[in-house]
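Quick heads-up: it's one chain on its own, the form predicted on its own, in structure tokens.
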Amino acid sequence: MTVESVIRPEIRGLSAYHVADAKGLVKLDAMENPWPLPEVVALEMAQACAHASVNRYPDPQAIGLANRLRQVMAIPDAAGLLLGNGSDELIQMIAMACAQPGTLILGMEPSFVMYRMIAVFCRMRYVGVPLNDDFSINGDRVLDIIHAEQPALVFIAYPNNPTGNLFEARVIRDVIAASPGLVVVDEAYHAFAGESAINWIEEFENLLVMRTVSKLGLAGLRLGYLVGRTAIINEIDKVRLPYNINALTQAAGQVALAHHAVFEAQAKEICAMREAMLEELVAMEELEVYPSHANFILIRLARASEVFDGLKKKGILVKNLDKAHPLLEGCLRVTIGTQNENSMFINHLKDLVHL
């Protein structure tokens, strides 16, 4: 036996999803909430997890957690709801349910890399439509490809990662209306965006809205959720692995969502710090700064990789996108951290760009 004889060539050609080692660094690379849980929430979570029956399989439908999500996230009563081990698993489930020989996934680029990777996993074709230079969607081009290729799936990140911008709602609606298959609006950063497509579900039968609680401050729970017409959700549910939401996530998630107001307040504070950081970055003539509706900011600068290395030597880890996509040449992405972390980043960045 050889690796070549048993592993598909397209899998051998992939690189595994890379997570940087952040040990000992100020972690501003992964769009996480920078604050630990408030003590009262942490204690309630600990009690709930201590009483979880980990010797038994968890509720296969996670009914208690699902009902709490419906209430807190104002999910329409008539809509179907499916939970996933993070939004990554939901992307994979959607693709698996739709995968047929020759079927196509359409995405915008640059965007979340898992859309393309999961297309490969599921032996689907993938077409990435380049965004405009300002990272807006080229609506006419997308519609032309939809008409020509008839994709089974279209993924739209709203706001987009790694650019941070909200695409024009009118263009997204045109894409949904023109698509013969499913359109997934990925709202991973909805807590910071102020906009959502979730109320369009009653209008468009082919629309799915996907979210995660990771960016709110619960990344360690690995909990995503998918909302759409019940008939479609029921079909996608058939490819879900049994017991995909573990007992501890179910217990801790219900406690966390009971304190949702705490996380909403933190999201508002992060938005305020984002606007303050944007002002400081825009004032730096050496940078091109892109507007953001997420909890991170994209900047473009000369010597981006050198500056990235310099920040890392100073103990600050951001995301280097310089080689990730042609449209991201010279780009770094920084997550909004605590006030002190943001100040450290700005001060060291100023020193490095003036070298």
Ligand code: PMP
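Note that this is a predicted model, so its numbers are computed, not measured. Numbering starts at 1 and follows the sequence shown.
Form predicted together with the named molecule: not shown, discussed below.
Only one of F167, F192, F263, Y115 lies close to the named molecule in the predicted complex, with a heavy atom inside 4.5 Å, and it is Y115. A single residue from the set G80, G128, G139, G86 has any heavy atom within 4.5 angstroms of the named molecule in the predicted complex; that residue is G86. The closest heavy atom approach of R173 to the named molecule in the predicted complex falls outside 4.5 Å. Proximity of K215 to the named molecule in the predicted complex: non-hydrogen atoms within 4.5 Å are present. None of the heavy atoms of L207 is located within 4.5 Å of the named molecule in the predicted complex. In the predicted complex, at least one heavy atom of A157 sits within 4.5 Å of the named molecule. With the named molecule omitted here, the record of contacts in the predicted complex names 207 to 215 of 233 to 241, 97 to 105, 276 to 284, 207 to 215, defined by a heavy atom within 4.5 Å. Residues are counted as partner-facing when one of their heavy atoms sits within 4.5 Å of the named molecule in the predicted complex; in 159 to 184 only N161 qualifies.
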